[in-house]
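Below, in structure tokens: the form predicted on its own, a single chain.
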């Protein structure tokens, strides 16, 4: 797979619709006339900005929700269903982000339910996995996360997996390119054991964790890594546009 995937996770930013609109316009301008065969760009703004994002984004830029509910419908105050975000114009949903795992107490079992809800609604899940402590046993941790999150999921055709070591997120201390590649290859090996070699080889695997314009190429242009999940650098239009242009000019 030659086309790279860049997912911009805005998290709980920016604070006003005006700021979000300016950021959307800046990113859209940076993506203008981009070759969609080289880059798939996906933006994940907060829920309140989804409708405005869908209106402002040009064709060719995908829209993602940062989360979906584990339930299709019901008396779950504060939850947002997969079908709701699909109807808001989303193509993707980030599921199992480390901040939800470690700060909100989200379990692998809940993540499994969310993946099934997303798929049922016609969304493409971006499943995040990764270890909390540097030097932890990746085989055991990622193996467990994948097995439980994908339990009962027949195919990975519409699923992307993002490796994001928790210790690298927002710290300014990314994993090394070799470390990220080793994790990506481990993910493919585990997927091959759960499914088959075809799904392992055709799986899109992203790296996330302090990705910026200075290091993005060292991660995404390795065989085995298909792109990046970008956090802080995606909420400054100039910085994120620089990442986009780096990918497109390779």
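Since we're looking at a predicted model, the values are computed, not measured. Positions refer to the first chain, counted from 1.
This next part talks about the form predicted in complex with ligand PGA, which is not shown.
In the predicted complex, residue 99 approaches ligand PGA with a heavy atom inside 4.5 Å. At a distance threshold of 4.5 angstroms between non-hydrogen atoms, residue 9 is in contact with ligand PGA in the predicted complex. Although the partner is absent here, residue 170 lies within 4.5 Å of ligand PGA in the predicted complex, judged by heavy atoms.
Contact check for residue 45: every heavy atom lies farther than 4.5 Å from ligand PGA in the predicted complex. Between 188 to 196, 52 to 60, 202 to 210, 24 to 32, the stretch whose residues reach within 4.5 angstroms of ligand PGA in the predicted complex through a non-hydrogen atom is 202 to 210.
Residues 229, 230, 231, 232 are the members of 227 to 250 with a non-hydrogen atom no more than 4.5 angstroms from ligand PGA in the predicted complex.
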